[in-house]
Ligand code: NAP
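Just the one chain here, the form predicted alone, laid out as structure tokens.
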Amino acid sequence: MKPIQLITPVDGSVYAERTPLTLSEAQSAVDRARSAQKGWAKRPLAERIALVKAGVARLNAMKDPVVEEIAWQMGRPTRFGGEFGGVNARTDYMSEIAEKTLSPEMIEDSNAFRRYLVREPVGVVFIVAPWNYPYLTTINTLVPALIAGNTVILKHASQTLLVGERLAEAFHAAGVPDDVFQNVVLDHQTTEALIAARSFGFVNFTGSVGGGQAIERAAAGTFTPLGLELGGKDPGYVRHDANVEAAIDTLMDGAMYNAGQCCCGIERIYVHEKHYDRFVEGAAAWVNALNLGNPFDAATTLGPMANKRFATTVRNQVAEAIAAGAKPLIDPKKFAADDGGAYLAPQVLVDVDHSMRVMMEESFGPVVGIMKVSGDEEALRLMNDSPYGLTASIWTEDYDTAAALGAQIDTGTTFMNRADYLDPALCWTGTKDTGRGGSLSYLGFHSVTRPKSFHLKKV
């Protein structure tokens, strides 16, 4: 098998290399997971929860090497300290609601009938995780899957090969059996073959639209449940009654954090004409204050993109938009670290429209376009003019207004006065080409379990 190489964006060198499993080896891993699942599910719920939380605690103990490895693997500055806040919050919440969510629902318990519903684990859960938030996105499914009594096979993105190894190391050290949670390295062909062979009770994939389509094709005819979180082009709308300063700070952070490589990052902004000039001025100033550089430098606030080919996509989108009449507000020369490769200067564009790729196709980089709008009607039309629907951010001073506008946006989550955030108590889901299914909240347990009914009669 051809080795899979992890090319670090820090200096372009090979940071890690792993040989993927053969199909036979991968099938053996699935067989071990299937054999271990019944015994794992028989353990008391409280025991499974305790082991999962212990695994996360072990991961927290690895914070220093994990933060350093993330910087080497995908370029996030070490000053931001990893993903532990979200990992811990999501683990704690899903653990807290597990007993209530997974408990049988009694419909009748009488001398004549006992009728009730239970939720059973689906068996072996397959997680295909992305590189941009490699721990958080895995935890979203890993924690509820294990708590619910499933075994898990994790395949991480080639850009973050070491993440799965760290997770397996932590969970195994905490007492989760080796066959209950397995980290594997697979190529695309073997991944698709396993899915086509109906190896899994549930497949969760986070990645590109093209990747999601490949997963769907592989699963065709197997009736395997899929959870797909795919592309995004999330909008922000600054209304006439918005707090402009707060909107600038949050929306620009949502556009630029993690070098713009966020599933729910802000990629397009619509500003009421009343605030447009002030917002544009503030947005440019906010971005010009960023410091592009080596992620190990404490002064760096913007690291390289995870791969130079990702940066090439953004450069091409920006160049095409400028050629079509867009105005760049940021002088790339101010960012000396821009090397034409993975290190990419951020950009804010005005005089953009929806004929430009930068406003319609996912950028997944440190660029955002800003358009002036006359009011709610125009903003709603533009926000909905997208093949994606993950989140939308509305800036207003009124709950009812935000709710009414959100009801008219084809999106998975509506935010008011915040952006680029996951609340573990709320379902993380999307519409259109963003995918299907949902994680987190009590519904996250529904994805990794199936309903089973008992209708018992006395004669």
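One-based numbering along the sequence shown. Note that the structure is a prediction, hence the values are computed from the model and not measured.
Beyond what is shown, the protein has a form predicted in complex with the named molecule; the following relates to that form.
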property	result
Listed range touching the named molecule, judged in the predicted bound form by heavy atoms within 4.5 Å, from 279-287, 329-337, 360-368, 107-115	360-368
K155, R315, K308, R239 - the one with a heavy atom within 4.5 Å of the named molecule in the predicted bound form	K155
Sole residue of N150, N132, S386, Q347 within 4.5 Å of the named molecule in the predicted bound form, by heavy atom	N132
Exercise: W428 in contact with the named molecule in the predicted bound form, heavy atom 4.5 Å	yes
Partner proximity in the predicted bound form: S208 to the named molecule, non-hydrogen atom cutoff 4.5 Å	yes
Interface membership of A214, the named molecule in the predicted bound form, 4.5 Å heavy atom rule	yes
Close approach of L194 to the named molecule in the predicted bound form, 4.5 Å, heavy atom	no
Complete contact of V52, G164 and Q182 with the named molecule in the predicted bound form (any heavy atom, 4.5 Å)	no
Residues in 219-252 close to the named molecule in the predicted bound form, defined by a heavy atom within 4.5 Å, in order	E229, L230, G231, G232
